[in-house]
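First comes one chain, alone, set out as structure tokens in the form predicted on its own.
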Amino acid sequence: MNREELLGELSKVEKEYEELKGLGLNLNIARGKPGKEQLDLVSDIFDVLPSGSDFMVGNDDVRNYGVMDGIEPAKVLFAEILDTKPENIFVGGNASLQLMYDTIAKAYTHGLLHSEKPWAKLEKVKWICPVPGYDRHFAICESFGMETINVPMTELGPDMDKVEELIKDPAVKGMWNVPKYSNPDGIIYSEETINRIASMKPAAKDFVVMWDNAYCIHEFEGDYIPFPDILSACEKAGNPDMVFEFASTSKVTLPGAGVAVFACSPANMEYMKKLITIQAISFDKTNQLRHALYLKDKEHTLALMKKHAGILGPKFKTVLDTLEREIEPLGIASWQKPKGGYFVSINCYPGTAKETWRLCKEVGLTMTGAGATYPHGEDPDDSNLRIAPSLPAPEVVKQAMDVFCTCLKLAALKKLIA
């Protein structure tokens, strides 16, 4: 459009926006929480341990102290889901984020298996952050005072040329990864990317790949996509101790009452168990047993995930269809079209993400803050916004997307005219 046409379009969109302001909306697409229908889908999990149960797993009563690294049925279940061995699995509480934080905290207080000294005694710790990425990963880095280094995501995963250059610096101690349906882009790492990560030769002997496999079985469109086992890949490449993998049932059963795990090499497991034994006697083994009985095995769990997909799929279709209809012809934004995970990542016209977010907030649409997908909230292009359509009802998702598109257009028009 020429300037005159842009001004005419601005007048039209401003009128639409003023109408939205008068509706008194209260919409929320900020966080990737399961919706009520999903929670209701699995609420019968509380019925799998009847009052007459003896609560025994082998010789252990799950209601009592002990078995700090988790009961065997839970280890077997997660090993099958992650395609690894039960002895590589540590079963914790409900939150994988807690396990991730704890791994980094132990690196600072005690060092990791191959650390020469605790990281707290180092002059500087640097960390690779694929961007856009998960705000809570970045918050962990920030809380420990790490120097974060942005590495752009590609359609195949992190820019590995840049990663392989960065790890020549011994102060670079690790990197975050959400390898399947990445948060927020929904990208699946390619096999080549995974093999390059597994084969890295970092200058830091205690470099750690934090492999947050949060969405490993979370397809909302199409069949389950098998995914390479990072532990096996690292072992094959001669780096068996370089990786910690994390997963949970947060979006399989109940986020507030689920089960989280980490998987690692036998040497890492022995080292971490010694440290964790000092801080915990055991986690909630009753809940671990409940999940092992309810989910049964990988096949049964994938059947449950198909039911989740039936609820989530239409919401994501609404998001993508609306963007395709309202935004794609205008050329003012781009996005991936994920088939799984919990988010849609929007790359707005440069310099307009904060304004789009502000306009949304002003009319009653809550979104994750602009910049949240970058360390310290600093998006250098002011372009990325994350949409999380899982929690609201389908009709709310539709209304939220109509509002979002109006705000996106308004912000782009203002920027173009300026």
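Note that the structure is a prediction, hence the values are computed from the model and not measured. Numbering starts at 1 and runs along the sequence shown.
There is also a form predicted together with another copy of the chain; it is not shown, and the following applies to it.
Contact annotation: N213 falls outside 4.5 Å of another copy of the chain in the model of the complex, judged by heavy atom distances.
Within this chain, K361 is remote from the site of another copy of the chain in the model of the complex, having no heavy atom within 4.5 Å.
Remark: N94 counts among the residues lining another copy of the chain in the model of the complex, judged by a heavy atom distance of 4.5 Å or less.
When another copy of the chain is considered in the model of the complex, F227 lies well away from it, no heavy atom lying within 4.5 Å. Annotated contact segment (heavy atom within 4.5 Å of another copy of the chain in the model of the complex): 98 to 106, selected among 169 to 177, 73 to 81, 98 to 106, 333 to 341.
Of the listed positions (K315, K285, R196, H308), a single one reaches within 4.5 angstroms of another copy of the chain by any non-hydrogen atom in the model of the complex, namely K285.
With the partner removed from view, the residue among K85, K298, K162, R136 that has a non-hydrogen atom within 4.5 Å of another copy of the chain in the model of the complex turns out to be R136.
In the model of the complex, A139, I140, S143, F144 are the residues of 139 to 162 with at least one heavy atom within 4.5 Å of another copy of the chain, listed from first to last.
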